[in-house]
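As a starting point, one isolated chain is supplied in structure tokens, in the form predicted alone.
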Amino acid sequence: MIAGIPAHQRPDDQRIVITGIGLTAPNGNSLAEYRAALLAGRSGVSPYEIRYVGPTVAGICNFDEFRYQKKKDVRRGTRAGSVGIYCANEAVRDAGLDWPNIDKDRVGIYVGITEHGNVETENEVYELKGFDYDVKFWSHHHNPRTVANNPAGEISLNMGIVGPHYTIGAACAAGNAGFIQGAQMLRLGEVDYAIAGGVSESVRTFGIFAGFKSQGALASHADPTKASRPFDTARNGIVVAEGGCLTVLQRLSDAKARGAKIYGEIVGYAMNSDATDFVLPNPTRQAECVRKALKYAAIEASDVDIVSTHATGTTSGDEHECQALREVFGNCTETRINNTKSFIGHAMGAAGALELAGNLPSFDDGICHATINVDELDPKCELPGLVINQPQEGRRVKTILNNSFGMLGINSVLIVQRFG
């Protein structure tokens, strides 16, 4: 067991590092583009219209889905599959792996998702009504498109990976859960490379928009780029977004052996459950999850340089997370706190992975990107170190803590440190 042991005292074959990153976000299709947008305060939220709901706003990705797929593959597969294929290939490429000579049996795929399959079923039902609901017109691709392992499975097919593949359904905590699963499988020796993170195709289903709208939790604003506004007194809900971020994870011993560049080391994590409500978060359980991750990493709250918040822009969600953070970081005057959803909206299963990725360059440049669109800070969301509207620089960053929480009370926290 390595929990509770400082990272530098752990054996190299039990230390897990990030050696490649592939992503697509509403404001960038590579880590460099994405980071530049975050530092420039550039939102990726735009006008959007979806059947039955009508005009709204969303975070839409604009990546080249034919870079790694043929047109027939895109037609047969899913949007989540295309997002995953793009991100996985980009991550492997970024990691500098000699892919043709890698033993594909020693590669595992662990993809966090919030939902999958409802997009395809909605589309089929919608099209079927034009044929008087005659099921002979129902797509024969429907079943493989809608199975829960689809995004990971499409990556496996595309890249010839014959090691384990599966998705981790963990609501909006799923991006972190993908990282955690990949790290665990590497420590167990089950694989030598883990493609891990999260993906989302949420903007393709009217059901998610309609559900949030019926709850009074779907964001709106005359300026779409200002619709996602966590912590602001005028926040009025969630901006639904799509996207993905997958990474290559390796044991430190293997990364050193091939001279890999290292983005950071996963030093701690935790997951727990609220067990109190379908939707409303429990700040006590969230605080407990953060403390468990800190204990695993063998660090104190004051050792954390940046806290990446989950805050979605809902009234109660933001307040409860801030309450939890005050419990843990209330006296940590040097810890800075930010939010990425203010730029891209809520990318559901991809959210945690994208939010971590957006902060990782802080290890090199020392800059903490801001939370944008905070015109008037809600007093219930006041936190020491909250970075608002303008990035902050000039401090060395060693430790990033990434919060991701989800419906039905699932909480995940991931801690990553600078390596070296």
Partner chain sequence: MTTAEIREEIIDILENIAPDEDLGGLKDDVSFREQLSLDSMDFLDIVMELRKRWRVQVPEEDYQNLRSMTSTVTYLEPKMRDLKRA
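These numbers come from a predicted model, not from an experiment. Positions refer to the first chain, counted from 1.
Only in words, not in the display: the form predicted in complex with the partner chain, which the text now covers.
Participant: Just one of 131 to 139, 183 to 191, 244 to 252, 292 to 300 has heavy atoms within 4.5 Å of the partner chain in the model of the complex; which?
Facilitator: Of the options given, it is 131 to 139.
Participant: Hey, with the partner chain in the model of the complex, do Lys72, Arg76 and Pro144 all fall inside the 4.5 Å heavy atom range?
Facilitator: Yes: Lys72, Arg76 and Pro144 each sit within 4.5 Å of the partner chain in the model of the complex.
Participant: Just one of Glu127, Asp105, Asp277, Asp223 has a heavy atom within 4.5 Å of the partner chain in the model of the complex. Which one?
Facilitator: It is Glu127 that has a heavy atom within 4.5 Å of the partner.
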